[in-house]
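In the block that follows, a single chain appears as structure tokens, in the form predicted alone.
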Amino acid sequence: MKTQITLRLKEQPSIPIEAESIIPENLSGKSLAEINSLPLWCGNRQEKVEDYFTVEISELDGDSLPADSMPKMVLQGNLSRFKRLGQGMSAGEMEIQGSAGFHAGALMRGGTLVIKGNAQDWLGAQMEGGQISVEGSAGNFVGAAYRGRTQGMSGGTILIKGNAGQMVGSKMRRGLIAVGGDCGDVLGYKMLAGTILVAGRTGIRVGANMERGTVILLNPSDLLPSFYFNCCYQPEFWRLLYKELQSKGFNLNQSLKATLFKHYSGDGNEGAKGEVLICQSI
């Protein structure tokens, strides 16, 4: 049997709440009283989980479910004012049945975070591993580096079915970001490595100052003049990436499986070792 811990929001707080304590590791093996007493910060005032949530512990039926020590966490309600949900988690499963606030999944090292609604800025910032799935849209700085840091996301996967804001994948070091909708300006700014895929439209300055890495665009985009056209081809990794995304529920048009891409090298100002692939069939 696997344990599920459900937190139901009582009412929206008047100001944002710092909620990094709400991760599977912190709840595993704890009693109801201990979970209710976990700290949350409301401004400069320390409060408790029970001040904002009704907590329920239950057992999930089903022989196919893994019986491990890490509980499944379910948070219900509009949690857009709760910051840092899932921050730093390294194992387990966390599902937010609503929207999440700033920094959701930031510094994540493992496990699975599912957000049924929207996510705000800094989703998965500097994450190192695990998977984040967003059924709605996300804000700015997805998988990006915090101010003053030299590297952003260094591992893991971020899947966003809706749109995303500006500076997605800024200073990204490793990992995969896939966006099913549109993206804002400066996608992949100063990328160091990793892969970003955007199925919708993109803003200006795609790949500005990127050093390495791969940006895949399934819609046309005007690139900076420091990107140089090379050829049209299908990369060897594309079929594998397509299959991986399909297996994770990030569905792409079947016709894209065998598509060709226009290959551009850039940014020429940084040595032109990065690449932007633009779908030729669009």
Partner chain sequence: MTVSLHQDVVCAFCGSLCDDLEVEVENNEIKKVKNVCAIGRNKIMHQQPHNMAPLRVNGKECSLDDAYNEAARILTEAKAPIIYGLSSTTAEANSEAVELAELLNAAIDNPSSYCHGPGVLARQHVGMSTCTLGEVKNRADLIVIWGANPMESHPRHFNQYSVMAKGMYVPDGRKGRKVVAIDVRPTMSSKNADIFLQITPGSDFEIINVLRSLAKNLKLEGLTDESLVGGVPLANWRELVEMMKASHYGVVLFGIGLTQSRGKDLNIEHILSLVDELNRYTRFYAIPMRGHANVNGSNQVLVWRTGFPLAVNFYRGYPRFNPGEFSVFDMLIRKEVDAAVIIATDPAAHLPQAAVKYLQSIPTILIDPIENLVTPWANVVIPVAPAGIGTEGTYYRMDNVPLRLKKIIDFPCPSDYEVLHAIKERVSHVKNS
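Numbering follows the first chain given and starts at 1. Being a predicted model, the structure only gives us computed values, none of them experimental.
Same protein, other form: the form predicted in complex with its partner chain, not shown, and the subject of what follows.
Taken together, 12, 116 and 261 are entirely out of contact with its partner chain in the predicted bound form: none brings a heavy atom within 4.5 Å. Residue 43 is the only one of 29, 249, 220, 43 with a heavy atom lying within 4.5 Å of its partner chain in the predicted bound form. Taking 59, 56, 47, 34 one by one, only a single residue has any non-hydrogen atom within 4.5 Å of its partner chain in the predicted bound form, and it is 47. Shown alone, this chain has one stretch from 92-100, 70-78, 106-114, 197-205 that lies within 4.5 Å of its partner chain in the predicted bound form by heavy atoms: 197-205. In the predicted bound form, at least one heavy atom of residue 149 sits within 4.5 Å of a heavy atom of its partner chain. Although the partner is absent here, residue 185 sits close enough that one of its heavy atoms falls within 4.5 Å of its partner chain in the predicted bound form. In the predicted bound form, its partner chain lies farther than 4.5 Å from every heavy atom of residue 233. By the criterion of a heavy atom within 4.5 Å, residue 226 is counted among the residues contacting its partner chain in the predicted bound form. Along 80-95, these residues reach a heavy atom to within 4.5 Å of its partner chain in the predicted bound form: 81, 83, 84.
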